[in-house]
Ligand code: PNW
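The form predicted on its own is given below as one chain in structure tokens.
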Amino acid sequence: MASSSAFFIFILISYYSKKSYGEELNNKKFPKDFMFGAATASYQVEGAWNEDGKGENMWDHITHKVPSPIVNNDTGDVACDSYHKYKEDVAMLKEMGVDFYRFSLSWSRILPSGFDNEVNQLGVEHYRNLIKELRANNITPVVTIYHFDLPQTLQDLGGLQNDFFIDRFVDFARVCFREFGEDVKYWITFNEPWSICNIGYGFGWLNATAASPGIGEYLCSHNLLRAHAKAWRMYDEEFRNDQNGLLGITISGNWFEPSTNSSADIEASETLLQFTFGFYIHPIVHGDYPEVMRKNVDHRSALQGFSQSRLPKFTQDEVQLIQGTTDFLGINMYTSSLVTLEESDDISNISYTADTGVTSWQPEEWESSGSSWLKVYPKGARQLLKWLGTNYKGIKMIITENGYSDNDGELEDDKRISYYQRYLSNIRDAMEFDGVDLFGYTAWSLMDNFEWINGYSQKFGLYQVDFNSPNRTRTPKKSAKWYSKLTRTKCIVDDCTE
């Protein structure tokens, strides 16, 4: 009986090591030079919001509003206290055996006024110390220059909707390259332009400012792309020869699955992919917005009585400035949606969504997470990577965020492990069968942190953080131990082949 039970257990373990939630898992190892890492962002983890000369940023301002727009009136005033506990953060990263750490720089910690006339040396020293600690532990820093936390001084002047932002960003980027570039080889200019512009200025909630649908997101994106390009050109001309780094941008969005096999729904998928990913990649690769965006927005703008399109146009000089300005492409991917064309003759609706002519939704039967927007659909990861690889050949890519949320930060987080396994299996399939050129993967997030409007109500961390403890005690979850094994074996199941 004992021997037969042992055999049954062996078969069971073997079965579940190759399957997750009934899905067959890819048992090929990731390449030896493939990098695994973890990520955070400055406002979400640092705390120390008004210490050591740091200026106010837009999230300091938003979270201190009365009444607060944040769930449970949460703030990032202390957050995970990573400003003081960065060595503990690095020890956690080392414990998991990651190859790199993706983090962002707080603009207002380095330039308190938002302008480069005053550099806060204590802020600079903090990031130097973090980078030094990472390198001492053989962890590569991957640094995002802008991750949502604009200095409030610049937000008061219109933020990214004001084209004066372009040169202010280039000034900040120059300070970053000058102060940290000798020790940083991977730079990301912007995290999630779509979120910054569409959620921030179109819908209004990411900035907790007045919404400007159909106009604000296009102004923001036009300025962001020009700022990215000018920063890339500046790095290329002033720093690359000495520092030999790589500079990219991180984009984000859902995979949009056609709701049926009809040509109309396939067209809807392509349209929304172009309005989401092509919105930013197309100008960088080809010098201009996707044709379907230009056609739709120009047409609707004219019907609505605008004297010119709500989607700005690049000058010929700007086309040449922007085209070719990335060394790699970061992809933040979490979920998917179903789509169909939305036939409507109503032109009174001035909005990005109406411009797409597409409606999207997530079926109730898809597996849920702790976030209403994050439904689990692993095969969407492969489909998105395949689409990107097909449409933008020759660009190296890295997954800069992928993760799963719950609401209680439980330590026995088997659903998070299953999510990682199934998504990584599809990512490996994209590399193996679709020829996608992918060089790294980043788990979001290293630890539970401040999730913007949702405060601390959603937990994405590999490490649990006790936000009721003054010490912000960190405890590894089961997923951290699983991820540690992944980083060392390059394998998502127990028994891998080369």
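This is a predicted model, so every value here is computed, not measured. All residue numbers refer to positions in the sequence shown, first residue = 1.
The same protein also exists as the form predicted together with this ligand; that form is not shown, yet it is the one meant from here on.
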**Asked** If this ligand is transferred from its position in the predicted complex by superposing the C-alpha atoms around the site, does the shown form leave the pocket open, or is it blocked, with blocked meaning at least 3 ligand atoms within 2.4 Å of a backbone or C-beta atom?
**Response** open
**Prompt:** Among 192-200, 163-171, 272-280, 121-129, which stretch sits within 4.5 Å of this ligand in the predicted complex, heavy atoms only?
**Reply:** 192-200
**Request:** Sort through Tyr101, Tyr235, Tyr334, Tyr419 and report the residue having a heavy atom within 4.5 Å of this ligand in the predicted complex.
**Result:** Tyr334
**Message:** Just to be sure I understand the contacts: of Phe30, Phe36, Phe460, Tyr456, which is the one whose heavy atoms reach within 4.5 angstroms of this ligand in the predicted complex?
**Reply:** Phe460
**Prompt:** Given that the partner is absent here, does Glu401 sit within 4.5 Å of this ligand in the predicted complex, heavy atoms only?
**Reply:** yes
**Message:** Can you tell me if Trp373 lies within 4.5 angstroms of this ligand in the predicted complex, counting non-hydrogen atoms only?
**Reply:** yes
**Partner contact for Gln44 in the predicted complex: this ligand, 4.5 angstroms, heavy atom** = yes
**Asked** For His222, is any heavy atom within 4.5 Å of this ligand in the predicted complex, or not?
**Response** no
**Prompt:** Taking this ligand in the predicted complex, which residues along 432-452 bring a heavy atom to within 4.5 Å of it?
**Reply:** Trp444, Glu451, Trp452
